[in-house]
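Read the single chain below, which is given as structure tokens and is the form predicted on its own.
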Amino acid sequence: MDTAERILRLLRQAPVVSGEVLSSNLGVSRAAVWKHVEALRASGYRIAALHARGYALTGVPDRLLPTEIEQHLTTERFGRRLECFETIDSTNLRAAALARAGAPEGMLVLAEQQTAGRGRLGRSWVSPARVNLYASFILRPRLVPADAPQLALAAAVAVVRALRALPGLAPERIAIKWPNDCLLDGRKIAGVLTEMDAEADRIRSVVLGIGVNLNAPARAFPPALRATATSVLLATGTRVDRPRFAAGLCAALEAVYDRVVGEGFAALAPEWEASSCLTGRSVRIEGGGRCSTGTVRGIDAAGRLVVAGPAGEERIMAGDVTIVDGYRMLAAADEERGR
């Protein structure tokens, strides 16, 4: 912890802290205290200098900074080690490099903006600055490589839990679209990307990337996405406390991860199924050079999508799913269910 972070911790503990107390506790001069206070102000913290009394913390920035996230953490591992960037190419790329260097499980990489954010199937992830959450976790699961896709399914459950904990969001407004997209009112609000480093029979690490649209205004989305994507702000008119949300996601993810590693995905499947927006819908699944159509019956204990098609029942492990009726019909149906 650097000196500026220690100053913040002391300022959080009392309404006013004198420069003398800060200097004594930190082992630095009063001039050094002032220098660090000025640096904190430049980062967006509002710190009042009260004549003959000391300093008072009067406001904090909407920034994904370690000191802002750590005060909300309740986890044992997830988020306890973290790196926060103002701008980065991809949090997943940075997390992968840290994983190769031996970083511990649960380490988190966050960024205010990505210049090369990535989604599934080689797509880009639009990452406007200082409005959303772009996070990558390092996992070291005791699973065989064939079971790694279940981690993305579990992560979607964690995202749903974190979103449903926000005030003003009725649970039925939030859904999962197989395999790992999350929808709010039928529009995409979050996505998950897993990238694995493994041997034939052992996973060395998995980088779990999660993007959640929290405070993005409509103009933050390219025109082509405005009909199918949303944010919490757009859906509710309320801004999200992003550091608090990041800590809540860490807690939800640690819980579902430990369960899927300890008990298998079957233990989470009922919760995943209860949030699915696909069951009973007509879909088209593309991937691996083939295209399937049919009606979704649900998922099985391994997380495969069960689809009843013209040739009978299929169990699909990976693919890109399109709802035949489209997002507009989905949004209307979800709205009707919520009445």
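Model, not experiment: these values are computed from the prediction. The first residue of the sequence shown is number 1, and the count goes up from there.
Beyond what is shown, the protein has a form predicted together with another copy of the chain; the following relates to that form.
Note on the partner interface in the predicted bound form: the residue among R80, R100, R164, R244 having a heavy atom within 4.5 angstroms of another copy of the chain is R100. Of the residues given (V144, A218, A129, A266), V144 alone sits with a heavy atom within 4.5 Å of another copy of the chain in the predicted bound form. Proximity of G319 to another copy of the chain in the predicted bound form falls within the 4.5 Å heavy atom cutoff. Interface residue remark: T194 is counted as part of the site for another copy of the chain in the predicted bound form, having a heavy atom within 4.5 Å.
The shortest heavy atom separation between A224 and another copy of the chain in the predicted bound form exceeds 4.5 Å. Contact between G27 and another copy of the chain in the predicted bound form is not found at the 4.5 Å heavy atom cutoff. The stretch that touches another copy of the chain in the predicted bound form, counting heavy atoms within 4.5 Å, is 196-204, out of 81-89, 169-177, 196-204, 132-140. In the predicted bound form, the residues of 146-161 lying within 4.5 Å of another copy of the chain by at least one heavy atom are, in order, A146, A148, P149, A152.
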